[in-house]
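The chain that follows stands alone, in the form predicted on its own, written as structure tokens.
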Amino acid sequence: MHDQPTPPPSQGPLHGPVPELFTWEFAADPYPAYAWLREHAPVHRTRLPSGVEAWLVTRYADAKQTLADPRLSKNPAHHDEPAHAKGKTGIPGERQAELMTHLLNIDPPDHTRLRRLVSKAFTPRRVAEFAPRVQELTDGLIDRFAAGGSADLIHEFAFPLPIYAICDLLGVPREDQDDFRDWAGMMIRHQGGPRGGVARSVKKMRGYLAELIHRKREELPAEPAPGEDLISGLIRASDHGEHLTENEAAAMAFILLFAGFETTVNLIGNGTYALLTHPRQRDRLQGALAAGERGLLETGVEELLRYDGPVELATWRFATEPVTIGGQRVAAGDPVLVVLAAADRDPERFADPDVLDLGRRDNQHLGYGHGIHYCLGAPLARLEGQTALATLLTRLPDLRLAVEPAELRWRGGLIMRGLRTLPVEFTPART
């Protein structure tokens, strides 16, 4: 993983050497490098590990404007890829698996139409109805390791919780959900390394989703039942004149799974790690929970999203015409990546941005994006994050790291940032 050490000539001179980006050391703590970029090169052209050259946008004001700029398309067709960058600007394998027509790759009016079809599954009311199931999943996972006195919170808790939750929402039968867990695990393990493992998992998911959609279509009742699963709802919309193709239905189910699980894995993992390494904030939250006060939990999860959120860079955008961002001219066709992790620690927007303050009120972070592509699943992610952290801290009150922070390893992918493992210890719960 290597960054281009010198900028292309079109960017102009920089003040001092550019910090090395996208190394394993950078993955462990990217924030000093992002602080340098915010100050000296807020819109910075770099060569990514894949070989693709892209612009990194690091200041909050520029980031917010860029996320909502209609001249920046989500459709990779607007990027004239050189041979060495062919197929390297999206999710590995999605092209070959015919899964490109999802919300992260399309613009209005198709984006508007498809988002409207699934938005009702993520309304606050629907998510609130799902809360007991999330609590049941959370308690069930903790039950498996609570008596042992130790666990890896990534693999035993943060990873399976959102997988099972999104599978339930989609309507994946319980007997098939472990297959999804295996495929999702391959996608996470291979991020930052060979893309073939991710592509194989995507292909397997695509085949399964096509078969599941076909099976559900044959079994679909005439009238929708209360709480109908999302795949059945997509099929029903397609069959009632919404012009949703099978590829669109499969791509929609795929991206909801893909975008809905790893973000929450990292929210829970990064959030727990931040609390364990900031004992005063953790004690503050535990005190509030013990008193039955949920307000600090709600503001706390938002602060954890700002402080060390699960999505480091927003997904790809491509200039459809020449655009000026932060005083820097971006040519038509150029890829643009908004660095959410940098924007959310911009001292021009947040007071003491490198300080974790669970009670922070003025916290319009960009962790869920901004504009028409604002995260559709934000209400569900908030529910899962709040439930997971509150239950962990309540049921395992003396939870602590089992290794030194320097021993932990971070996954080196481009878009997401999260821990590979999170070994913890605690007093074993009585059975």
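All values reported here derive from a predicted model rather than from experimental measurement. Start at 1 with the first residue shown and count on from there.
Not pictured, yet referred to below: the form predicted together with a small molecule.
**Asked** Is the small molecule in the predicted bound form near all of L340, H373 and A381, within 4.5 Å of a heavy atom of each?
**Response** Judged in the predicted bound form, L340, H373 and A381 all sit within 4.5 Å of the small molecule.
**Item:** the small molecule: the contacting residue among I231, I163, V311, I154 in the predicted bound form [heavy atom, 4.5 Å]
**Value:** By the 4.5 Å heavy-atom cutoff, the listed residue in contact is V311.
**Asked** With the small molecule left out of view, which of I255, L137, L356, L296 would have a heavy atom within 4.5 Å of it in the predicted bound form?
**Response** So the residue touching the small molecule in the predicted bound form, by this definition, is I255.
**Request:** Decide whether Q286 counts as a contact residue for the small molecule in the predicted bound form under a heavy atom distance cut-off of 4.5 Å.
**Result:** So Q286 does not count as contacting the small molecule.
**Prompt:** Even though the small molecule is not shown here, does S73 get within 4.5 Å of it in the predicted bound form, heavy atoms only?
**Reply:** Outside the cut-off, so no.
**Contact flag, G369 vs the small molecule in the predicted bound form, heavy atom cut 4.5 Å** = Judged by the heavy-atom cut-off of 4.5 Å, G369 is in contact with the small molecule in the predicted bound form.
**Item:** T264, heavy atom within 4.5 angstroms of the small molecule in the predicted bound form
**Value:** Within the cut-off, so yes.
**Message:** At 4.5 Å between heavy atoms, only one of the stretches 138 to 146, 171 to 179, 199 to 207, 314 to 322 reaches the small molecule in the predicted bound form; which one is it?
**Reply:** Heavy-atom contact with the partner occurs in 314 to 322.
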